[in-house]
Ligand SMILES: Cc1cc2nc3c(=O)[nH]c(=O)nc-3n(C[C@H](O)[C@H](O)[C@H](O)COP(=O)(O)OP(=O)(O)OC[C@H]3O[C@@H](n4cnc5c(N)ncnc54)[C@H](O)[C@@H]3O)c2cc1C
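This document starts with one chain, in the form predicted alone, laid out as structure tokens.
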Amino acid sequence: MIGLNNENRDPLFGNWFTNSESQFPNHKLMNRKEILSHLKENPQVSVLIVGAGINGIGTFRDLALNGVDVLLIDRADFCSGASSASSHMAHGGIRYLENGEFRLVREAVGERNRMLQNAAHIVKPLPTTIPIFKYFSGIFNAPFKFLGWLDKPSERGSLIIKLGLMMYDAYTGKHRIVPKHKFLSRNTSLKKWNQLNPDIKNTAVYYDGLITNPERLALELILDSEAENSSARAVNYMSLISGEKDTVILRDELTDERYEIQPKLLINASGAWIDFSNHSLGLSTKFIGGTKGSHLVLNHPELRDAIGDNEFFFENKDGRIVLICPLFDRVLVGTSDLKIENPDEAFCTDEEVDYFLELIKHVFPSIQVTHDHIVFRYSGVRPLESSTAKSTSQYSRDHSIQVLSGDWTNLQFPVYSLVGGKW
């Protein structure tokens, strides 16, 4: 999410939920019909943002707080793509350290901390437990990855996890929002979680954030932005159809009516659909190398009681990092990381379901979990940058802006594609 540095504004959420006055204190928020009527009469807009996931919404908010007239659209509902299909975590990306993405981790930890402070009604501190089954394994994972010699990392042991958590804690800085990590002995761990796999050597506990309701958080950001700026407008169920010269054609998905918009700048924040949106504008790109992440929601009181308030974040037998997380009175289990070409074809397969049910046995072998405990399954596609890496775990989780402009585009406005990004 793009930060703000305006005077008296928080770097992430501006003056969200503070008592400072709006620059438009008396304006009335438009409903959808009024916004569409306004667009018919006033098609010019400084910035058009395509895609109302968290990348698009965060950009919308930044521009709104800076007084820019901006239009945000999405072909479906707000926050209905990958932003709602996540693991519900506001995390700093501890596992990105192994890929050498230190700047990304520092940035993500800072954003996690601001979310915990500024959206405390939705983002809660999440104690996260790592069950560890070896002491010294995995020491050479990072250098071998850097040299391109490693497709599947060896299991991370206590020593390498300890070093990683020390670095992770350091990124939080002096103003600590969450407690430092701690290591628990095998005996202490088994007393605390009595159904935990007895083969563990020890456990590590650190803190990240749990986004209890990402859709609500996204909607509040939109509404707050519109309240701050009468020239900031958001419309869902509005598709990008085409673009030529100074005009973009939009279609109302509810009525099939067309709208001609004339932006000075177009921001493509459509996530896994970025290349598809660029194609609609007549531009051929291959910016995205999306990977599918699926999850299960379980109604399993025994498992829910076994994990308590802790997420269990661990390495499965195949090397994939997976999680078992409390979500209200249910249990969230995930996630996969599978390359996918068309995000519209993403769904949680039976093979993934079997994989998720099996991974629970690795940590809680005495707890029986079956298909009958599944109450919901979902998938989302990470809008990762296109990569030639052999393994999806090696795809960069960093973000970038790709700019398309010039006579060759046949467009009189530049197109900024927001590649990557996450909560």
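Since the model is a prediction, treat every value here as computed from it, not as a measurement. Numbers for residues come from their place in the sequence shown, where the first is 1.
Although it is not shown, the form predicted in complex with the ligand is what the next lines describe.
For the ligand in the predicted complex, the listed stretch (300 to 308, 192 to 200, 71 to 79, 157 to 165) containing residues with heavy atoms inside 4.5 Å is 71 to 79.
Residue Val381 is the only one of Ile360, Leu48, Val381, Leu65 with a heavy atom lying within 4.5 Å of the ligand in the predicted complex. Between the ligand and the residues Thr335, Thr128, Asn113, Asn229, the one pair within 4.5 Å by heavy atoms in the predicted complex involves Thr335. The closest non-hydrogen atom of Gly293 lies within 4.5 Å of the ligand in the predicted complex. Among heavy atoms of Val369, none comes within 4.5 Å of the ligand in the predicted complex. Remark: Ser239 counts among the residues lining the ligand in the predicted complex, judged by a heavy atom distance of 4.5 Å or less. Contact annotation for Arg233: none of its heavy atoms lies within 4.5 Å of the ligand in the predicted complex. With contact defined as any non-hydrogen atom lying within 4.5 angstroms of the ligand in the predicted complex, the stretch 211 to 231 contains no contacting residue.
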